[in-house]
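Here you get one chain, nothing else, as structure tokens; it is the form predicted on its own.
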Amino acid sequence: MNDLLCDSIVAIDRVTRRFGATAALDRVSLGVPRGSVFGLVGENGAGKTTLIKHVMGLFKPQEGSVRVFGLDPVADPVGVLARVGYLSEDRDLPEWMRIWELLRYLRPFYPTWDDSLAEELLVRFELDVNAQIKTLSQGQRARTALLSALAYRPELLVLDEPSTGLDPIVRRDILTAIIRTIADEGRTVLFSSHLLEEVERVSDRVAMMSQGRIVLDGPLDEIKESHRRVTLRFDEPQSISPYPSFRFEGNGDGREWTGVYDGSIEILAERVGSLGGRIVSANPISLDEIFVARVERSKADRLSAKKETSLDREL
């Protein structure tokens, strides 16, 4: 286990999970540092929820290991879950209860339950304590579930698609105020989302998933600083991409190529110069553009690996 995993509140080490022939997680390793807001992003079906269910001890790894606070969440659920606040994607709440009954029911399970914080969140989320859960809108249900996860001041808050069902204003308030407040108090947030703009707004660290694998993981600032949309121009047409591993695309005549690049600009300039070309622009890009480029590269690499394996078998 590497140093990052050893120093992390959540340490996921080479975890694999298959459902039939499908690998929902394929040797995933991930570390969530203490006091960080960690965004897990990916398209639907990328493996985000499956990974979070392993963190919560709902799934046992078929290969690899998961540790939360240094504990196995499957073997020691009490030791883990008493310190974790969890908002699931489906917001599973007892339909027959009223909000005040739900809070009264949950309070005895958590020695750190904070009544004053619960009251504050009721006001902030504009919730009626006498409302029955089955009558709540999707947004109200999400806010009630989040209140339940926050009221005992958990050391780790795990949110699976927390913005589902929330209007943009409430989404902004929750992600900016709640998540940021928890991190500023030295606690930790792990949340998954397919909305990259909200991840970009509040995260310290980001991991990108595609087809059950981590395709990029690191501090958000470093990821954004290292990626550029680069345009290359050549005196003579190039029949193939000048840097195939970065998927540059030509403009038609082969003289101008554009792509997302995350290596050394100096090395790129040297390579392009040897081919009779130059860099004409290198501009910052959004997290969304970085994600698309990384996923496309990962899929292309997988396809290439499959073709090579198939060719080897034929030979």
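When you see a residue number, it is the position in the sequence shown, counting from 1. None of the values given here were measured: they were computed from a predicted structure.
This protein has a second form, the form predicted together with a small molecule, left out of what is shown; the following refers to that one.
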Against the small molecule in the predicted bound form, would Ala293 count as a contact residue? Criterion: heavy atoms within 4.5 Å. no
Just checking whether Glu197 would be counted as a contact of the small molecule in the predicted bound form - the rule being heavy atoms within 4.5 angstroms. no
Glu256 near the small molecule in the predicted bound form, any heavy atom under 4.5 Å? no
With heavy atoms only and a cut-off of 4.5 Å, decide whether Gly273 touches the small molecule in the predicted bound form. no
All of Leu150, Thr181 and Asp184 within 4.5 Å of the small molecule in the predicted bound form, heavy atom check: no
In contact with the small molecule in the predicted bound form (heavy atoms, 4.5 Å), from 278 to 286, 262 to 270, 40 to 48, 61 to 69, is stretch 40 to 48
Among the candidate residues Glu222, Asp235, Glu89, Glu126, which is the single one with a non-hydrogen atom no more than 4.5 Å from the small molecule in the predicted bound form? Glu89
